[in-house]
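Let us start with two forms of the same protein chain, each given on its own as C-alpha cells and named structure 1 and structure 2.
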Structure 1
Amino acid sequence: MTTTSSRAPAAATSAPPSRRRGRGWARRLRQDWWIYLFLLPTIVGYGAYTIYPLLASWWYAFLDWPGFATAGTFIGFENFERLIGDDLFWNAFWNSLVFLVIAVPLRVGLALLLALVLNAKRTPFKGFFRTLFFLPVVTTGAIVGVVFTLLLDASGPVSLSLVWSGLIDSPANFAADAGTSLYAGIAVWVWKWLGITLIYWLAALQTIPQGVHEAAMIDGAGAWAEFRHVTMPLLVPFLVIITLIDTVAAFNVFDLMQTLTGGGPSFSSEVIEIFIFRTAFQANVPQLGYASAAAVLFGVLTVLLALAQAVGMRWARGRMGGS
C-alpha cells in the first residue's frame, strides 16, 4: 500500500480525483467518439427494450390501470395487498416452482446422460443423433404446443399406445386433465429444449483432456468410477452455468403452455406468465397495474428463494467442512 502511494505521479495528485476522472472521461469521449457512436444502438436498444420495461413494470405495479385507459392512478401497495390474498396468484406461483423444480433437473440430467453417450468413442451415428435431438430446439414453441395437444389427447397416439399396452385402462387427456396437465407441459418442455442443453454438455465434455481419461484407465478405474471421480468433478463449474441457464429458461414457458393447455383445466397448469397475461389481456376489464404487480412480486419472491437457497447451501457446506 505504502509503495503504491509513494509511486503516484505528482501531476495526478494536483487535482481532486473526481475532476480528474471527469476530465478523463470527456477526453476519451472526444477522442474515441466513434466507439461510443457504434455502441449507441446497443445502448438505446438495451435501454428501450430491457431497462425501460423493467423500470416501467415496477412503476405500473403501483397503479390502478384498466387496460382501456391511457394512464393509471397511483394506489400505492394496494395491488400487492390484493395479490397476497389472491389464491390464483399463489396457485400460479406454486405451479411455476413445481415446473422449475422438476423440469430443470430433468433437463440437465437427461442431457448429461445423452451427452456422455454421444461423446463416447464407441457410439455410432453420433452426428445424426446430435442433429435429431437438436431439431425440436429450432421448432417454434407455439407449434410444439399445438402438435402435442393432438399427440397427448385421448384420441392421440400416446394415449392409445398406453391403452393398447395395458398401462392405462381408458384413453387419457394428458394435457387436459387437472392431475396431469402441468406434468405434460414439463415433459414437452424438457423434450423440446433437451438438445440445446445436450450441446452445452458436449462442449463441456470436450474441455476434459483425453490424458485424464487415459490416466484413470491405467489406474484401473471403471466407467462409473471414472465418471464419478474424474469427469464429474471437472464438469461441476459447467453444471452451475448450465443449471442457471436452464433455470432462467424454465421461467419463459408462456408460448408452449398457452398453446398446450392454456393454463387449464381449472388453472391446474397456469404458470405465472399465463396468470400475468390473463390478468393483463383476458380479464373482463384488463388490469395492467395488477398484472405488473404480479410480475414484480414473483420476481422478488424468486430472488428471495434463490437467496435463501444460497444461504442454506453455504450453511450446509460450512457444517460439512466443520464436521
Structure 2
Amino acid sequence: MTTTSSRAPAAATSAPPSRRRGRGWARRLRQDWWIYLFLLPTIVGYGAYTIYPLLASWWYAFLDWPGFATAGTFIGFENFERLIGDDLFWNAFWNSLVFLVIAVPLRVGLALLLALVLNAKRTPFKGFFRTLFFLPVVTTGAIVGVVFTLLLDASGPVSLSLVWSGLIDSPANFAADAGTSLYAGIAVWVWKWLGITLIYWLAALQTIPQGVHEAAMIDGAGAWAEFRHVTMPLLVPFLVIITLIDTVAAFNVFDLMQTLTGGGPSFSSEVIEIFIFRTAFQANVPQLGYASAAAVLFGVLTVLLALAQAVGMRWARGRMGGS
C-alpha cells in the first residue's frame, strides 16, 4: 500500500508541462465560461467584418466578377497577369512608393527635432506645445482632407500667403495640380500624424539617463557633439521601431487622399488604396475580382512590411537589452 501511494504523486507530477497547462486552461474555461460570453460580440464582429472579407478577397481575386451577378467566373491568375501589364496599377504603386520614401523620413525627422526641443529643460510651455502638435492626430483623416482642400485652394490662405511673400508668382491650387497634388498629400499627412511620432520620440528620450548628458557636458562636448556621439547612438533601436511603425502607417492614407485629391488630377496622386476603391466601386462597370487581386497584392506587401517590423523590433530589443 505504501509503495502504491508513493508512486501515484510521482506519476501525476511527471505529466508534461504542456498537458498540465492544457488541463488548467480547460478547467478555468469550464468554471468561468460565462466570462467569455462578453467576448462573443467582438468575436462575431471581427469575424464578419475583418476575417471573412479578408478570406473572401483572396477568392474573388481569382474570379471575373463585375458585381452585378450573384457569382463570378473562375479565371485563375488572369487578374494578376492583367495587373502586371496595367499602367494605372503601376502608377498607383509608384505614387505609394514616392509617398512612403518622402513622407516617412520627413515625419520621423521632424518629430525627432521637435522632441529634442520639447525635451530640453529650458523650453517653456512644453505641455502646451505637446498638446498642440498632438491635436491633429485625434482629428478624422477625412475631415482633415476636406479642410485642406479649402486651405490649399487658389483662393486659400496658403496660396495667397506664398504670393504675398513672393515665393510664387500667381495663386495655385496645390491639391488640384498634377505636379503638386501628391506632395500636398504628403505634407498634410506628415502634419496630421506628426504628433504621435513626437510622443514616440519623447518617450525614447526619457529612457536616456540624465547622468549620460551630464557626463558629456563635463567632458566639454557641445550640443551637436553630444547629440551625435551620445544621444543618437542610444536612440538607434528606437529609430528602427519608429521608422517601421510609420512605414506601415504610410500605406493607410485612403481617407486623407480620397477627400483631399481623390487620386487626381489625371491619376497623379492615386495611391494603391484609391486604385482599388476606384476599380471596385467607381468604374462604369465594377470590377470586383480585379480590384480584389490588387488588394491581395497590396495585402502581401503590407504583410512583408509587418514581418520586417517584427524583425526590426526584435533586433531593437536585443540591442537595447545588450546595452
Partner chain sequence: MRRHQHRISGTSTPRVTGAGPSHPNPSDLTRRRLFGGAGAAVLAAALAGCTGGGQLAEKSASPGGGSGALQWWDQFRPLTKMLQDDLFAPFMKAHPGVTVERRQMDAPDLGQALQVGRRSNQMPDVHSLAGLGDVAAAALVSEGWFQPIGKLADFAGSPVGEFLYDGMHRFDGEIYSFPPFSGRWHEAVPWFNSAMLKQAGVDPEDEPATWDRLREIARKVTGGTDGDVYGMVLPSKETEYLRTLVERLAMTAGAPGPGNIDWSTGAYVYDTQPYIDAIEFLVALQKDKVVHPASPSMGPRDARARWAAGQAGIYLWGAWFIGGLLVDEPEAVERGVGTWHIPCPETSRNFVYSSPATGTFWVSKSSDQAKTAAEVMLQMTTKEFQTSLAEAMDQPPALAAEVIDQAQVHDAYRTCVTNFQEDVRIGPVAEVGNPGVWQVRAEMRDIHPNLGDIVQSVLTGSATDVGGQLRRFNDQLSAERERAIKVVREEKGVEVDAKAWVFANWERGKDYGQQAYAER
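One-based numbering along structure 1's sequence throughout. Think of the rigid core as the biggest set of C-alphas that the two forms share within 1.5 Å after superposition. Everything quoted here is computed from the prediction, not taken from an experiment.
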| item | value |
| --- | --- |
| Number assigned to the form predicted on its own in this pair | 2 |
| Residue 42 C-alpha moves between structure 1 and structure 2 by 2 Å or more, core aligned | yes |
| Rigid-core frame, C-alpha of residue 31, shift of 2 angstroms or more between structure 1 and structure 2 | yes |
| Core superposition result - C-alpha of residue 302, shift between structure 1 and structure 2, Å | 6.7 |
